[in-house]
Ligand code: RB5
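In the form predicted alone, a lone chain appears below as C-alpha cells.
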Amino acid sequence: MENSGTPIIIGSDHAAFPMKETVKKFLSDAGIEVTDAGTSGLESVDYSDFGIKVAGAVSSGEFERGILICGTGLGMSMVANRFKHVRAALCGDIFSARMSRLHNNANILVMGGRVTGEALAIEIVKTWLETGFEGGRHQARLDKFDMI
C-alpha cells in the first residue's frame, strides 16, 4: 500500500468495536503502524471520549492521519471537526473516500460500524490511504478553513 509508512491512530465506541478490530488487523497486515486509542470492548462508552483522543492527536500533529468509527459515524465526525486542522470525512462508500482525500485532504476517516459492512469498510480504508491530495485550487479552499 502506498502510504504504509504513515502511522495511523484509530478509535471507536462500543458500537463499532468489532469493525475497529477488523480495520486494525487490515492495517497491521499491510505493515502500517497502528495506535489504538480505544475502546477495548463492547461495554457502553461515550463516543466523544475516543473522538477527542484521535482528533486531538491529529490536530496537534502527533499523527498525520486517524480513523474514527462509531455506530453511524455522525457523532465522531461532529466531535473531530471541532478540532483545529482536522478535516474529518464521514465516508460510507469508496467514491466519497477517494474524493475526501483528492479534493478535501481529509486527515481523519470516519465510518459507521452499524451502517457499513466490514468488507466495504476495508475497501474504503484502502482507498482513503492510497489516494493523495490533488492540491491546486483545492488548497486555496482548504486554507479558508483555518481562517475560521
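Small disclaimer: the values here were computed from a predicted structure and weren't measured. Counting begins at 1, following the sequence as shown.
Not on display, but discussed next: the form predicted together with the named molecule.
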Contact label in the predicted bound form: residue 14 to the named molecule, heavy atom within 4.5 Å: yes
Going by a heavy atom distance of 4.5 Å, is residue 70 a contact of the named molecule in the predicted bound form? yes
Can residue 47 be called a contact residue for the named molecule in the predicted bound form at 4.5 Å between heavy atoms? yes
Is there any non-hydrogen atom of residue 114 lying within 4.5 Å of the named molecule in the predicted bound form? yes
